[in-house]
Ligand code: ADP
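Next comes just one chain, in structure tokens: the form predicted alone.
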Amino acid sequence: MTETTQTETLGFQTEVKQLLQLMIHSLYSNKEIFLRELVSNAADAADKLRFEALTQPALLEGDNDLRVRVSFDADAHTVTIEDNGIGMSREEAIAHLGTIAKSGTGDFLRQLSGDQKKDSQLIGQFGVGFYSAFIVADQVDVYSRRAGAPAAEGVRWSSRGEGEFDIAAVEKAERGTRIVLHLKDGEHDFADGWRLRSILKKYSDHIGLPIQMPKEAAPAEGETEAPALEWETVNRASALWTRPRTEVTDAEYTEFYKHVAHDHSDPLAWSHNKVEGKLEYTSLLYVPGRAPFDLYHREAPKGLKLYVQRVFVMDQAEQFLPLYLRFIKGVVDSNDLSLNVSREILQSGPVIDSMKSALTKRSLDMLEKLSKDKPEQYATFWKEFGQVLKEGPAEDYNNREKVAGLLRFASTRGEGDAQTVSLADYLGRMAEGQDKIYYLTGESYTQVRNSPHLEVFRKKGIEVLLLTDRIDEWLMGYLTDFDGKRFVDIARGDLDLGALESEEDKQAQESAAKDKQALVERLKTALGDDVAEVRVSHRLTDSPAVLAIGEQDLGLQMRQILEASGQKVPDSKPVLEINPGHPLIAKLDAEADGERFDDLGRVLFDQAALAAGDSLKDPGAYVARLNKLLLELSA
């Protein structure tokens, strides 16, 4: 291999310099995983060549046997990883190895916690695994040629990890990429056949591509030179998902997840299934243990790795799972799709629809099993992915009930804001005569936990779900019932507890409403257009007043979300409910001075708005009225 042009020296992107410093100072506590990263990248390069060769067979250049080769030179202290995959052009080498703006390096750096073990787990997920080479090497040389390009368009990329890299054109007869690691002092023991084999067996045995190493043999008797180099495959070289479940260990499933998801933490659960009959396909699905950095970017790439008859076709086929399950990782291998399948073809069709329905059900079954068998691990899942799963009832009507059973909520029976109550738990604890599921939405757990709306429910011992995620009010617009029980927002409309109220309660309410009718009319006049209605409350036991939402009106959460996004919010007015038994209401009723009555009524209304988590339209006026009343009391 000869260099054909003068070497050009270029600087790394700023974020890459920071990343290199982390690598060089041993971000990984387990240095040997540099080999896993580089072999994984090499396998991906082979998959990409297979995919492009479907429409451009000439890219294979007459060499259809894709493989990865790992070799070493103990005297020169080097380790070499070579593949005959897609390769890189000069521009691609600069883009992929010198600047990584597209791979999320900045996001990676922002998420670093300072905990070496936790931080090391981030690197594969952010697509920057190549730089793990600098953990063990003080110089890295990369030789590459893109498939289909002439030999003269090979490229050499070289760096010592000190802020810059060299790039030059070279003659390279074979397509693909060869990476040569010049080991640091103290890391020379990696240039050892037994050690490299053991690392490959440990981390890369699941890769469905032959990983080859030179067969080690001593010279025959009478010969002074070693025999010609022979290569032997050191991994199984069979796709893990094609093997029977009984032959795959938990450790192998876990390592395969880390490869397919580019995530170094363990998965929480997996489901390996082979479907035969009208449709034939194999799926291996995983529930990750933590959320990726782009989970809430709905437009970010997502989906399963798609294989057709064990040939890689697509890296992120999003058509096989609904968007609310975008966190599920894994592979699907179909016998019923053509090798030249495209994203457009995958958009619809009976085969795709049938597979999507089955894979969705299998994913939900996997989560349900996790919730029942390993509740502590499900709590971890919920913390990481719960808000995404809440998108399910709106997106997937057919599985609405199944998704609802997986949701978790805080409640008035819980300790703190931990969302650990399932709807099945709630139904199992319902009070005698209760036929509805009661809930309350708000901006924070503290605000809803102390809401006046809960007073009558506490008095009667009725559990209420406390919903404080910003998505919750939107969710409840689609989740209208569960197991035949209707959801009721306790802050909306005129509260009716049905059989939970005695005849004596109902008669007392009617009597109080008649007794305070004159006060209700005076308050309506005082508050004018700020309220839709004033009425005597059935909800309150301790507070003087509370604001209720109209049955068809937007709640506070939805109004705030729409306003923040610049959308027009429909006009709506709250209902002021007063507690006829509260001393403040008795004093208000007895107030003869019209101006003072108006001030007291306004303060009462504003306090109810604050208790509901709303902001005041005129905070200054509220403070002035309150100060005026305080001065009167102190006079």
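Model, not experiment: these values are computed from the prediction. For every residue, the number given is its place in the sequence shown, counted from 1.
In what follows, reference is made to the form predicted together with the named molecule, a form of this protein that is not presented.
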Segment assignment from 283-291, 82-90, 401-409, 553-561: heavy atom within 4.5 Å of the named molecule in the model of the complex: 82-90
Proximity of Leu97 to the named molecule in the model of the complex, heavy atoms at 4.5 Å: yes
Phe482: touches the named molecule in the model of the complex, heavy atom cutoff 4.5 angstroms: no
Distance check, Lys48 to the named molecule in the model of the complex, heavy atom within 4.5 Å: yes
Contact label in the model of the complex: Asn41 to the named molecule, heavy atom within 4.5 Å: yes
Among the candidates Phe312, Tyr438, Phe457, Phe130, the residue which, in the model of the complex, approaches the named molecule to within 4.5 Å (heavy atoms): Phe130
Candidate from His262, Lys302, His77, Arg175 lying within 4.5 Å of the named molecule in the model of the complex - any heavy atom: His262
